[in-house]
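Given next, in structure tokens, is a single chain: the form predicted alone.
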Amino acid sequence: MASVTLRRISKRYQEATVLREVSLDIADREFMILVGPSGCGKSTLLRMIAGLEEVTEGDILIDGKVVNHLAPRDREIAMVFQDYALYPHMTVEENMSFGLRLRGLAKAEIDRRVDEAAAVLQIKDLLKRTPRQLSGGQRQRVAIGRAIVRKPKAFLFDEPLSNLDAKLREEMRIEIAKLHQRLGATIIYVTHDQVEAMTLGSRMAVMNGGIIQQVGTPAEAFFRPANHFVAGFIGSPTMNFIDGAVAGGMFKSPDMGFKLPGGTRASGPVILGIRPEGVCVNKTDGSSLSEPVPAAIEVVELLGYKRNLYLKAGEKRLLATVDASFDGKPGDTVSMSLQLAGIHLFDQETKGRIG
């Protein structure tokens, strides 16, 4: 396996800039997630690493060697695409061995590699079938197997589960995690799916507008987002935001006001962020909660073991996630407070984290 290093990578199409001086170090055997909304540049970045897109500026290094000038086949990297890209007229075995046959490997070596990969992915009984005889999950396993047999220095995954239904996505997510553990592979994985981003990677790079907004573990991005964008993008349901100002350790907005925890460095206009789990309803522990304010329940969603409450406090709407045992209904008025330990503060102008 290998490390992958991006040094000030930029990509432009005529007047449109897709990536802006992206730098990222991916360690040998690391599972790195590239996550962000559609159009943020994550798939373009992956294709540039693979050699399918040219670099406008900057360098891509694999194991410390600049590979900008190398053709895709010479970079020793395997890519798994969103649409599987299997040859419909070939069997599973032929699809998995195709690249090895092109490289002129001996038949015995090709058979050994295909057999090993098929065993790892539990598809040995499918080797004589064609893609049209396979389910979506089985096709994705074949696509992954085709990558494994090449024994690449790194695996690139471009939203590989987005065409699968929810149950299959869950199953394949577990299989990809197991695969990383078995192979000890360097993996760079593109997704916009929150669950994949939070559960698969050892680290994630959150992207927006062609720029990396934050690099860190999933826990770091969730609990200490670097800016307003990361806070709003990572986490489902999304974080609540309240415009206000801080003066003398007090947060004030048109609809609420309370004393912030000690040590708060913020002052002046801020954006307060609080996750739905941190919005409390009818709680009375004053030492850990903000001053309560009345709020009207507008909508209640039952999600199995929890409920989402859409609340309106004054003119501000907030989402609260509560236990399923809560029996409030639309039209009820409740006492709403915020968990002080869960509050995030962002500068209104720069959008950067300040508390």
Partner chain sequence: MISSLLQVLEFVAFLAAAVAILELYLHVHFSYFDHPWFVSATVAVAPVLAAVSGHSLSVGHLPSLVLAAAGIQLVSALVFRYVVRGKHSLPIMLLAPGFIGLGMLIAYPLAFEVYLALHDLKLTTIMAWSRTGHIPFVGFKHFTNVFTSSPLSSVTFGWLFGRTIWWTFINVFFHVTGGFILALLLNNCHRFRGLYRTFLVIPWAMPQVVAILALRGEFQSQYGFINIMLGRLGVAPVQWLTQHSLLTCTIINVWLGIPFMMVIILGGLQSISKHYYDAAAIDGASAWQQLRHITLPLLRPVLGPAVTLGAVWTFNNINVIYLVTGQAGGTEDADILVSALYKAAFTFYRYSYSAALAIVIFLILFIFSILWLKFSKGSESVYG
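Numbering follows the first chain given and starts at 1. Everything quoted here is computed from the prediction, not taken from an experiment.
Just so you know, the form predicted in complex with the partner chain exists too; it's not on screen, but the next bit is about it.
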{"property": "Stretch from 217-225, 236-244, 83-91, 183-191 whose residues place a heavy atom within 4.5 Å of the partner chain in the predicted bound form", "result": "83-91"}
{"property": "Residue 50 within 4.5 Å of the partner chain in the predicted bound form, heavy atoms", "result": "yes"}
{"property": "Proximity of residue 102 to the partner chain in the predicted bound form, heavy atoms at 4.5 Å", "result": "yes"}
{"property": "Non-hydrogen atom contact residue 207 with the partner chain in the predicted bound form at 4.5 angstroms", "result": "no"}
{"property": "Residue 77: touches the partner chain in the predicted bound form, heavy atom cutoff 4.5 angstroms", "result": "yes"}
{"property": "In the predicted bound form, the one of 153, 203, 173, 150 near the partner chain [non-hydrogen atom within 4.5 angstroms]", "result": "150"}
{"property": "One residue of 124, 178, 252, 73 in contact with the partner chain, assessed in the predicted bound form (non-hydrogen atom, 4.5 angstroms)", "result": "73"}
{"property": "307, 312 and 326 all contacting the partner chain in the predicted bound form, non-hydrogen atom within 4.5 Å", "result": "no"}
{"property": "Partner contacts for 129-145, taking the partner chain in the predicted bound form and a 4.5 Å heavy atom cut-off", "result": "132"}
